[in-house]
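We begin with a single chain expressed as structure tokens, specifically the form predicted alone.
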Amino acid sequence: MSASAHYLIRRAALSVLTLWLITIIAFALLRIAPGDAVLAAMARSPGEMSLSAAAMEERRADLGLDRSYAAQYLSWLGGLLRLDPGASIATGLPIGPEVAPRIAVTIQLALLSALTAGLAGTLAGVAAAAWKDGPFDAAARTLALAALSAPAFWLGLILVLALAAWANIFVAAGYRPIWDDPAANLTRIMPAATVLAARPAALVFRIVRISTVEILESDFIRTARARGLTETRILWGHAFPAAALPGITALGVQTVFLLSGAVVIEQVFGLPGLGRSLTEGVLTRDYPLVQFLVLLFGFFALLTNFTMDAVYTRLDPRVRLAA
């Protein structure tokens, strides 16, 4: 077995251990947070607000909340190992079928945002390095600084206002899955993906620009120019591949933050994804739902990091040697 395979196996084992630690942290934080799951569920059903103390204790017993924390955790962990995350306290419905359609929304939002950030940041970074200190370089750096400074929710609100109220081309309601109506789906989700991609695109731009500027001043680029190669071939055939790895690293790290940013952006744009479901679950103290969603976000983050590690072992010989 190769050294890179051993390295990936160790990374996979570490990811599994991290995922187990996430289950403990998610369970513990929800239990020590203020609020009561039964009272929150009753608040959603006004007719049940007159329940007696005995009836409330019976409801807690039905939900298993009267058992010790250790017993509750082991029961939940056993259900996860059986691929059964349990039922929602707020709705009483199984969590799996309720969350499944929302996973596609969040994954599509994150992937579109990562693709937009990668393309925009990389192309702009290479172009700014090629025209260093020119008007395009100055404008791109100013725009990147603004994107890094502005909060995503503020950009989202401004974009919703501009598209919905001023241009009348966007309606923050009526989401359609991509397999039902691709055009309507992209019309609804692309504004959110663009806002979510603003910060990672700016970071990728700055890293790719700096890397490309350094590479264009290196000895092997001067040798390529001495051989008579065109600037276009030098830029895209020699400088860009060498500058791509730092951009890939930045994009991989930022993809993890895209998942957390989706919690806010889905609320702003009214998208029925995991972030919106997580917000509703926290407000209603829906322990099983929130625990599963936190675990799901952790799984996606670890999967992204593992994928980036696998890509690096293929692209960078130094990683294979270190492994």
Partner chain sequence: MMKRFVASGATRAGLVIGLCLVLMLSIGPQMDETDGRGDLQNTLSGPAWPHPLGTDQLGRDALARVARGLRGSLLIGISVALISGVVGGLVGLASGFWRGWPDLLLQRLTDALMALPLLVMALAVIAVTGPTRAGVVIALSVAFTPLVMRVVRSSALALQQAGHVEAARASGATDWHVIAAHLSPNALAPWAVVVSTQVGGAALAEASLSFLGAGPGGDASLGALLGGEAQTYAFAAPWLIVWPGIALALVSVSANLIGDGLARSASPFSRRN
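Residue numbers count along the first chain shown, from 1. The shown structure was predicted, so the numbers you read here are calculated from the model rather than taken from an experiment.
There is another form of this protein, the form predicted in complex with the partner chain, and it is not shown here; the text below is about that form.
Practice prompt. Would you check whether the partner chain, in the model of the complex, lies within 4.5 angstroms of a non-hydrogen atom from each of Ile32, Pro151 and Val264?
Written response: Checked in the model of the complex: all three residues contact the partner chain.
Discussion item. Please tell me whether any heavy atom belonging to Leu17 falls inside 4.5 Å of a heavy atom of the partner chain, as the geometry stands in the model of the complex.
Written reply: Looking in the model of the complex, residue contacts with the partner chain include Leu17, since a heavy atom lies within 4.5 Å.
Worksheet entry | Contact of Met190 with the partner chain in the model of the complex (heavy atom, 4.5 Å) | Met190: no contact with the partner chain in the model of the complex.
Practice prompt. Evaluate Leu65 for contact with the partner chain in the model of the complex, applying a 4.5 angstroms cut-off between non-hydrogen atoms, and reply yes or no.
Written response: Looking in the model of the complex, residue contacts with the partner chain do not include Leu65, since no heavy atom lies within 4.5 Å.
Worksheet item: Taking heavy atoms only, is Glu214 within 4.5 angstroms of the partner chain in the model of the complex?
Response: Glu214 belongs to the contact set for the partner chain.
Practice prompt. Go through Leu229, Ile210, Ala120, Ile103 and name the one with a heavy atom inside 4.5 Å of the partner chain in the model of the complex.
Written response: When the partner chain is considered in the model of the complex, the option within 4.5 Å is Ile210.
Item to complete: Quick one: from Leu115, Leu77, Leu161, Ala138, grab the residue that has a heavy atom within 4.5 Å of the partner chain in the model of the complex.
Response: Selected option: Leu161.
Discussion item. Looking at 190 to 198, 130 to 138, 216 to 224, 152 to 160, which stretch has residues with any non-hydrogen atom within 4.5 Å of the partner chain in the model of the complex?
Written reply: In short, 152 to 160.
Worksheet entry | Residues within stretch 264 to 300 having a non-hydrogen atom within 4.5 Å of the partner chain in the model of the complex | Residues within 4.5 Å: Val264, Gln267, Val268, Leu278, Thr279, Val282, Leu283, Arg285, Val294, Phe297, Gly298.
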